[in-house]
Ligand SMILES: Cc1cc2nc3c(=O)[nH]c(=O)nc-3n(C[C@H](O)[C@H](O)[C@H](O)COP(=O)(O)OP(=O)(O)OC[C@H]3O[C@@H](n4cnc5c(N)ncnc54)[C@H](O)[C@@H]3O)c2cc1C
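A single chain, nothing else alongside it, follows as structure tokens in the form predicted on its own.
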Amino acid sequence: MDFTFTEEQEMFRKAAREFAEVQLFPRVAEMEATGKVCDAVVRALAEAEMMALTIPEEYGGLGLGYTARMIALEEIGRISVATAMMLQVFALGIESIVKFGNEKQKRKYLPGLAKGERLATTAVTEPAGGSDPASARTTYRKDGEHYIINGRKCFITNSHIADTITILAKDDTDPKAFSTFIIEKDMPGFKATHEENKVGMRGCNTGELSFEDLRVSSDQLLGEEGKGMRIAMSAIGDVGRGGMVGCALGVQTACLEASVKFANERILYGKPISQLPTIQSKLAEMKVDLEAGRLLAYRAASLQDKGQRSGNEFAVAKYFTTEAAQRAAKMAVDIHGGYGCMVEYPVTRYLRDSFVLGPSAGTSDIMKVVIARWVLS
């Protein structure tokens, strides 16, 4: 059993860290102030081939797999978890095409997505409930060789910037039959409507999507008709939750590094506060959580790269790391004292960002339900 990166993975980690520090760090303040996705960041991600990590080589991707994706998200999330979130949902949007798309669909969409010429997302969550996708009210009906889609999705990351969207809808004549479709942003009847103003992760876009008599051909059906729930949940379970784990590790790392730096520089009672037992205790807790989270994360990603089932392992990792990220952010603010309340210190951003991690791709309570089912099965 080997718990170290390969030489290639370590080189990729260093490259991802350099990319984040050089390309992302100078633009974090702008994204935080505007709450908008930075076009220059998207272009930089495309040029660095970060969009191509999990796309097979035959479709223009790098085919590096899910461990590499986890590395990239952790390193990018360390500087800008909003950018990591945008990238992770991009991968979530393409996963169903990679796994369940036919050859024609893969040839049509994946090369442009790999180059970053098109952006992707997936749309499952609705106002009626995100934790219960079966309660979705977005419907489709068959009309000859076409489908007519009506409904609304909410809390969709990349909602207003995505060109390619995979959506889940149910048969209007059979509430138990769901299908997944590939939608393009310029299709008549599709519209990105309300854009959310989030407390955290302000450098990524979240909003609502509307479908009003959206007419799509049978070529846009992903997989088999009526089998869409399995397609959507497979992507969320393995890629969505895995992506949130990478984002959470990035926040944890950033919190620990900022806290160590401040504790070594802040002088109190004539010595650095890093020498105070209470501060050391918080730093130790943050470090233990980070190392435990990494073991859970990379174990699950390794299983995924081997083609083994990893959904339950990612549920454990998602629950642990997103909760740990919130703990780390709170302790980082505590360590900074009064300075932790000042916006010029990044720990305030880490705290706000950490609270967006929890509900994304399944709340902590839902993760515990998944884990309990695994234990009881």
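What you see is a predicted model; the values in this text were computed from it and never measured. Residue indices: 1-based, along the sequence shown.
One more form of this protein, predicted in complex with this ligand, exists but is not displayed; see below.
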{"item": "Candidate stretches 137-145, 150-158, 179-187, 276-284, one within 4.5 Å of this ligand in the predicted bound form by heavy atom", "value": "150-158"}
{"item": "Listed residue that, although this ligand is not shown, lies within 4.5 Å of it in the predicted bound form (heavy atoms), from A72, L249, M85, V239", "value": "M85"}
{"item": "Interface residue in the predicted bound form among S131, N197, T193, T173, criterion: non-hydrogen atom within 4.5 angstroms of this ligand", "value": "S131"}
{"item": "S259, heavy atom within 4.5 angstroms of this ligand in the predicted bound form", "value": "no"}
{"item": "Proximity of V356 to this ligand in the predicted bound form, heavy atoms at 4.5 Å", "value": "yes"}
{"item": "Non-hydrogen atom contact E21 with this ligand in the predicted bound form at 4.5 angstroms", "value": "no"}
{"item": "4.5 Å heavy atom contact, T125 and this ligand in the predicted bound form", "value": "yes"}
{"item": "Any residue of 325-364 that, in the predicted bound form, places a heavy atom within 4.5 Å of this ligand", "value": "V356, P359, S360, A361, G362, T363"}
